[in-house]
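Encoded as structure tokens, the following chain is the form predicted alone, with no partner shown.
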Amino acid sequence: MTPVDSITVSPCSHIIGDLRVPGDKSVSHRAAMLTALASGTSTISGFLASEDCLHTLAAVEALGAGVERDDTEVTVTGTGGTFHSASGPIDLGNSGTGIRLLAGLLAGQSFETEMTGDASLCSRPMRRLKEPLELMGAHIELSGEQGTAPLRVGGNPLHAITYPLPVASAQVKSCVLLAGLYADGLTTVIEPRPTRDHTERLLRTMGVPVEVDGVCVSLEGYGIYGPQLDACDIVVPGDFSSSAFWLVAAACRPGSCVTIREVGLNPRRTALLDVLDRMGAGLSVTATNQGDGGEAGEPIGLVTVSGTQLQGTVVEGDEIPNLIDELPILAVAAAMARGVTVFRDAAELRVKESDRIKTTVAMLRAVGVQVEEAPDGMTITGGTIGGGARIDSQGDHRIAMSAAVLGLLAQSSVEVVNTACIATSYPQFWEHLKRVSSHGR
């Protein structure tokens, strides 16, 4: 299979595989940005060579870093604490992580930078960045309709703030912390719920003390000259969000078994495993590295899932931020489970690459699954998946991949339309789908 605009996926009786998924998307973005500011040359191994991450790599090169890439190994020569002014606007493509985190780093530069992206990126909310950055003294201008990109940022000295996040968001938390590197004083972010901590872990690996006290995350700023980050060699773990598609597919089919090797096991990312365990899936998790070497502070290990008849459950509260990207594929598990599964507290899904509550509901209804939409989630009555449907991803890579897995589990084939978007995060997806399904045709 190749990633063309339309793919038809046929049912598979058994999902069998032993895979190494591509590098973690979130870690790859952060590694590219922070090594670009370091003093000296760093090597990033296992870098995710997807469209999103390559846009971030191109952005830091435009800002003065030296970049050489050989497939998934990237060598970055940093700028020593501050970026250089880009020659023109920086295009981040579809990368929400790229534009939001770079906004924090660029807020403290002595010059202004314009950032933009594709139509999807320019429709996503950016006011949530504008408020804290302006409180820190930054100049930030949103020229898109309804407070969206394109945006201009930078040019003013920054001061530290204590900022309670209105919504649990790892991207906004990281944006404020990264801006705090250029502020005078102690910058503190207070989270309503714990979110992904990849930024904090990587900063510590590169020599920046980050203090965590409950839901408060703090760092001391370095002022206008920025941090003196230590160049280092970083190993990017396999992306847990990418592995989720195969873990769920195997969990839903009795007699199936999938093993994912060298995958990231950051506890702020693996709430999906807790949910699958609660639903009755067979799980085995083995940590092979605790993240105390060159792994950007990230634990790495091996996960095996075996299939069974899943049971419905409730997913809500503190679990949500730690499986926000996995909710569309978890909805597929809910469609196969016996009984009712309820998702709550997930309104953040409304402002992803698509309105993921709306697109997930439409995906499930297309194959005959009973699902009720709510403002902050959905209620799914599971059992069987009919199939014989045509599902449009609306340009959302996680919806496209979830729909493809739906096709493996359905009673008849599913056509997935608008699949080119998958290249933004998982270029090898179709190759891996073919591999895990080849035993069960």
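Because the structure is a prediction, the values reported are computed rather than measured. In case it trips you up, residue 1 is the first one in the sequence shown, and so on.
Just so it is clear, the following notes concern the form predicted together with shikimate-3-phosphate (S3P), a form of the same protein that is not shown.
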Heavy atom within 4.5 Å of shikimate-3-phosphate (S3P) in the predicted complex: which of 217, 107, 74, 170? 170
Contact assignment for shikimate-3-phosphate (S3P) in the predicted complex, among 35, 26, 56, 50, heavy atom within 4.5 Å: 26
Report the stretch among 170 to 178, 250 to 258, 358 to 366, 209 to 217 that approaches shikimate-3-phosphate (S3P) in the predicted complex to within 4.5 Å, counting heavy atoms only. 170 to 178
is_contact(residue 281, shikimate-3-phosphate (S3P)) in the predicted complex, heavy atom dist at most 4.5 Å: no
Please run the contact check for residue 196 against shikimate-3-phosphate (S3P) in the predicted complex: heavy atoms, 4.5 angstroms, yes or no? yes
Taking heavy atoms only, is residue 324 within 4.5 angstroms of shikimate-3-phosphate (S3P) in the predicted complex? yes
Counting only non-hydrogen atoms and a 4.5 angstroms cut-off, does residue 97 reach shikimate-3-phosphate (S3P) in the predicted complex? yes
